[in-house]
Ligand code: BLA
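Just the one chain here, laid out as structure tokens, in the form predicted on its own.
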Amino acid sequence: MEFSIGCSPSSTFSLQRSLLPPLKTVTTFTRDWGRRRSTCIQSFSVSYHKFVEFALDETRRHSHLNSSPLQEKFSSMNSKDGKGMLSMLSFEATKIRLLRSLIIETETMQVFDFTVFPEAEYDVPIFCANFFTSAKTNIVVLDLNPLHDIINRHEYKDKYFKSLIPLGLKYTQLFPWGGKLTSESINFFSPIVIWTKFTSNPQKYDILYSAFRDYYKVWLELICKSVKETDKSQVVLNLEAQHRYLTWRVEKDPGQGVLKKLIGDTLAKDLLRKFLFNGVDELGSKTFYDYFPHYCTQEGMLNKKGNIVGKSFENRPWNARGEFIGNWFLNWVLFI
């Protein structure tokens, strides 16, 4: 699942938080509301708001950001128990269909989901940062999600990832592989993906912030250098690839349970389809079963198992050259 930050495009990001206990009550100010809000939250030494501030500032160095129409509906909301806050921001820009972010803050955890989707005229990967933090545990996914198959389409992998392998090696050596990933999920990741788990400590957060900055800078370079596609058939392929990605995330994203617990099933579904994975209802008409028919049971229901194909990757399935060393056949099946 994905998440974003801020109460509105003009919200201040003045609150800096500490990544370690204890819990404390802090008072924040919003420029547009003009009133105080006291919230009991886990304090963090490296705030995820800082990550978003960097991304927005860096994007503005390359392009003009416009507030997305989504901002009118999705800006902020409280959890059902009143102890958590969900903050959202969304923008559009030249070559960028949607830049959106969500931060969830409760007494026991903080979740950060930042994603940038290119316009369909560009086959640039999707920038994706999904972080979960509690007092003891951190789960991190940071990647440039490939829009097209990089296992069989070497020209696409070479176009966007060949030059980035040294960057990936730098950080994947600092952040060990986080454990099993299903063969279905692995198709949406690149050879430079950071998938890791670690115990809370300030040094790790400094490195994570550095990785986020470096990955976002190279993504901006890719999107800035990209040339608008004029072949309509290729634009259609790009559009379908993005829709396929969105369809997968809406159905299978592991963060759905957190959202449902915090804000209820109805609001969670609305947030998922209209904000986090915006475009799933607009960019295409294919269903989850059209893209992933092996998930349909004989009764016509969605198979909820995490791994239908039957293979999980306990270790990084790419070597130091960025070559895939997992089971080629099982991954190829998913792209037919």
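One rule holds for the numbers: they count along the sequence shown, beginning at 1. Model, not experiment: these values are computed from the prediction.
Here the subject shifts to the form predicted in complex with biliverdine IX alpha (BLA), a form of this protein not shown in this document.
- Among 139, 174, 167, 237, the residue placing a heavy atom within 4.5 Å of biliverdine IX alpha (BLA) in the predicted complex is 139.
- Between biliverdine IX alpha (BLA) and the residues 258, 211, 96, 220, the one pair within 4.5 Å by heavy atoms in the predicted complex involves 258.
- Only one segment in the set 108-116, 156-164, 74-82, 87-95 has any non-hydrogen atom within 4.5 angstroms of biliverdine IX alpha (BLA) in the predicted complex, and it is 108-116.
- Residue contact check for residue 181: one or more of its heavy atoms lie within 4.5 Å of biliverdine IX alpha (BLA) in the predicted complex.
- Not displayed here, biliverdine IX alpha (BLA) is kept clear of residue 190 by more than 4.5 Å at the level of heavy atoms in the predicted complex.
- The closest heavy atom approach of residue 104 to biliverdine IX alpha (BLA) in the predicted complex falls within 4.5 Å.
- For the chain shown alone, residue 145 is a contact residue for biliverdine IX alpha (BLA) in the predicted complex, at least one non-hydrogen atom being within 4.5 angstroms.
- Three-residue candidate spot 244, 287 and 293; no residue lies within 4.5 angstroms of biliverdine IX alpha (BLA) in the predicted complex by any non-hydrogen atom.
- In sequence order, 245, 248, 249, 253, 254, 255, 258 are the residues of 228-258 having a heavy atom within 4.5 Å of biliverdine IX alpha (BLA) in the predicted complex; the partner itself is omitted from this view.
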